[in-house]
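Just one chain follows, in the form predicted on its own, and it is written as structure tokens.
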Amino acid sequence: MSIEELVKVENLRKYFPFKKRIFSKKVRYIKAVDGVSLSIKKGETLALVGETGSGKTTTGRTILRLYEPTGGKIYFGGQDITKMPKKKFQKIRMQMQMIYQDPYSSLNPRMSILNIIAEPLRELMVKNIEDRVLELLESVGLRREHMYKYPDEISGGQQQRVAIARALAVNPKFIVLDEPTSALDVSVQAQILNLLENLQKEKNFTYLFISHDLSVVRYISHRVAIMYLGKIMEIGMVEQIFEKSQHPYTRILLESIPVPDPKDRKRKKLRLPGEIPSPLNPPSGCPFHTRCPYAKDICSQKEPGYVEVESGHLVKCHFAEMIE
């Protein structure tokens, strides 16, 4: 593991057992995350992008061990934390936080903002808690008056700022951001993204940014990983993904980004037929072949390996570099 890498996962898998009937003995598995390998450098934002059901959120939760992995390895700061005993892992876990899509559901409606942010501070036995809470609120653009309010008395954007302040209370190194702006108005989205970017510059935070919105991803990310049916299909620097994408799935996602003038589109428009297959019964071979406009016989027969088309730009496709 490189000194620069803060987070690294190797062949990460998370399967959920599933029974069609309650008393059935036959157990099948939902392969939510199926062989994901990636790394995130200190101070970097890696975006994880894909449709609903692609396994993005499960990947983030499994890296934090909110879900215990079925297989593979998770490293944090050079340490293998995959099966680390919970007591030992607890100290490391404080350095890893998650900010959720819906800020209101992640905040206790019966607690004041002061007590919500103070909760982790009390566990750390911090002195002068009110002063520290005020400092955290100001760092996310809120004021003293917000301290004594309750979540339902503030706006959605302010709720997300409170959620960010709570995550910052334990001085984390790594933050998983699960669609942190998707529940907010467009104008508020920009404010939260600017806040996250500024905090990263000030504190050197490392982000895993989970999203389906590629326009947001292009703004905030350094690197992008495209996920489909539990697997990473393409990964590279933000410029490589947006300007030189090679996987058909990536190209189709890029085509879905609204543009002011449709005549400005440079690529032939691709359409995505059907829906994402069930992770309970994934297709053989390449998981994308059932919807791919370029699929050949080999795609249903054999799962492709990764092709490095440029330094750090990996594509999981039999026909990488051949698709126009």
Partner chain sequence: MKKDEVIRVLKIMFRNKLSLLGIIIILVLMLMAIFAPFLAPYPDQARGEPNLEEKLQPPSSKHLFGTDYMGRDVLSRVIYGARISLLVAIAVVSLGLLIGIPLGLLAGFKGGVVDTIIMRVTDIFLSFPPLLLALLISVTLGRGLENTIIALAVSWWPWYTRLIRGMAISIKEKPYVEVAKSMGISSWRIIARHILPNAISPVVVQGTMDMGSAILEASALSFLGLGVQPPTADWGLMVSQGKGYLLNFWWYPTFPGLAIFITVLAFNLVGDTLREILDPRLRRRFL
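Owing to the predicted nature of the structure, the values given are computational and were not obtained by experimental measurement. Residue numbers count along the first chain shown, from 1.
Missing here is the form predicted in complex with its partner chain; even so, the following discussion is about that form.
In the model of the complex, its partner chain sits within 4.5 Å of a heavy atom of residue 170. Residue contact check for residue 106: one or more of its heavy atoms lie within 4.5 Å of its partner chain in the model of the complex. In the model of the complex, no heavy atom of residue 185 sits within 4.5 Å of its partner chain.
Its partner chain is not shown here, and in the model of the complex it never comes within 4.5 Å of any heavy atom of residue 126. Contact annotation for the candidate site: 223, 239 and 321 all lie away from its partner chain in the model of the complex (no heavy atom within 4.5 Å). Heavy atoms within 4.5 Å of its partner chain in the model of the complex are found in exactly one of 227-235, 187-195, 149-157, 241-249, that being 149-157.
Think of it this way: in the model of the complex, its partner chain has a heavy atom of just one of 143, 201, 87, 110 within 4.5 Å, and the residue is 110. For the residues 218, 132, 122, 83, the 4.5 Å heavy atom test against its partner chain in the model of the complex is passed only by 122. Contacts between 57-78 and its partner chain, taken as any heavy atom within 4.5 Å in the model of the complex, involve 61, 66.
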